[in-house]
Every structure is written in structure tokens, then in C-alpha cells.
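One chain comes next, on its own, written out as C-alpha cells in the form predicted on its own.
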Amino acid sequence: MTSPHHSFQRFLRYFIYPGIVFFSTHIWAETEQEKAIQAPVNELHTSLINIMQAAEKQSFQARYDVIEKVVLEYFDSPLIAKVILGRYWKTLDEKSKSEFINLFNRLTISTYVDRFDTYREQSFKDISTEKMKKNRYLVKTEFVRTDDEPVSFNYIVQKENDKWKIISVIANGINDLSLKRADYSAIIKDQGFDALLIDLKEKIRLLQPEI
């Protein structure tokens, strides 16, 4: 006796038009790709909400550790550092490059922990995912606040070695990379690269009173 399950399988095999099957597979593939593209942003947002909810109970260091994992895994720090330092990047040796990347990551993480330190039912809302060029997408989101207007957070995400990573953050239309590139270049030009490292360390110290 043929089971209902087998009958349904035979129905799918013989009576669904091939074009419909192919179309459904295409939709599934696009959905899976979109999920992969959005994954770095979703991981960051989930972690930010988590540290906000835990702000009253957890130390700065404990929340720092949460965001550190996300930044190290889902941000393309070497590329971000290269873009920010521009023409100065080529003048640095490997040790100086590594030191800058480390300090830049620490500043990024500390800034997130410092700014996302209170939970009042805020949430992140997905808006759209738009293709920019090969292996690069713009993920648009909003930070919804109960007591104020929402803040737009847009992310440029790029595929690197089969993994999607954040390469730029744009808050309310302001590109963080552009701001830092201008600031850091001015410091290097006027005072030298070592002065930039000192400046970053001081900014980190002011944000991390407990570390």
C-alpha cells in the first residue's frame, strides 16, 4: 500500500512544472544569500542589544568581551585600516600596521560599549539590502528608540575569502571611515604616526575607566 507521503512525492515529481521548481530554487538561493550578507550586521545588532540589557549588571570589561568577538570576526579590520590611513599605509612596516589595527579595534569596541550602555526597549529594524557592485552590498537598518527619532545605520558588507564582513558603518548619513581618515591623516601629517598611536591610546583610556 502506497503511503500518503510517497503519493505526495510522486505528485511533486510528475505534476509540478519544471519552471516553477527552478523559480522556487532561485528564490531560495537569493534568500539564503541575503541571510549570509546580513549575518555580520545581525550579529552586531544582537550583541549590542545584549550589552545594553546587561549594562546595569555587567562590567565594562564583560560587555567589551562580547563586542570584541563580533568585531574581530565580522569586521574586515585590515581593509578598514588600509582605507583609513590611505597613502600612509604603504609607508608602515608590518609591526606598525598590526599595532594600528589592534588600537583601532580596541577604540571601535570601546566606543560601542560606551554608547550602547542603556536599554529602554530599543531595537534594530532591517530596511533593505542593496547590491553595490561585485561582492559588495549596502545593508540598511534603523536603530528604533522609544523616546526619540530612529537613527539610520547602514553598513557596507563585502565578501572576503567566502565570508561576508563589514567594511564601513554609516550613521545618519555620516560615514565613519571618512571622518576618521580625515582626522588621522591630519595627525600624521602634522605630528607623525607615533602621535596618532598616542592619540588612539588616550581615547581608549578615556572610554575604558575600568580596564
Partner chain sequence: MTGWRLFDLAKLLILIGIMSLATGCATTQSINNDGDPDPLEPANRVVFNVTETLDKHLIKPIAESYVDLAPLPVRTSVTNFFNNLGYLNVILNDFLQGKFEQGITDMLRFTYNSTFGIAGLFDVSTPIGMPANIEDFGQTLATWGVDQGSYLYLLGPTSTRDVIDQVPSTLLNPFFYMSGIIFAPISVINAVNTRANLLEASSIRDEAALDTYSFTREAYLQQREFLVHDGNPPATGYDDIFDDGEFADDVSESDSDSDSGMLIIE
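Positions refer to the first chain, counted from 1. As the structure is a computational prediction, the values presented were derived from the model and not from experiment.
The same protein also has a form predicted together with its partner chain, omitted here; what follows describes it.
- In plain terms, the part of the chain that comes close to its partner chain in the predicted bound form, with a heavy atom within 4.5 Å, is 157-165 out of 52-60, 39-47, 157-165, 65-73.
- Think of it this way: in the predicted bound form, its partner chain has a heavy atom of just one of 122, 129, 77, 108 within 4.5 Å, and the residue is 129.
- Taking the partner from the other structure, its partner chain in the predicted bound form has no heavy atom within 4.5 Å of any heavy atom of residue 99.
- For residue 143, no non-hydrogen atom is located within 4.5 Å of its partner chain in the predicted bound form, even though that partner is not displayed.
- In the predicted bound form, none of the heavy atoms of residue 118 sits within 4.5 Å of a heavy atom of its partner chain.
- In the predicted bound form, its partner chain sits within 4.5 Å of a heavy atom of residue 138.
- With contact defined as any non-hydrogen atom lying within 4.5 angstroms of its partner chain in the predicted bound form, the contacting residues in 192-207 are 196, 199, 200, 203, 207, given in sequence order.
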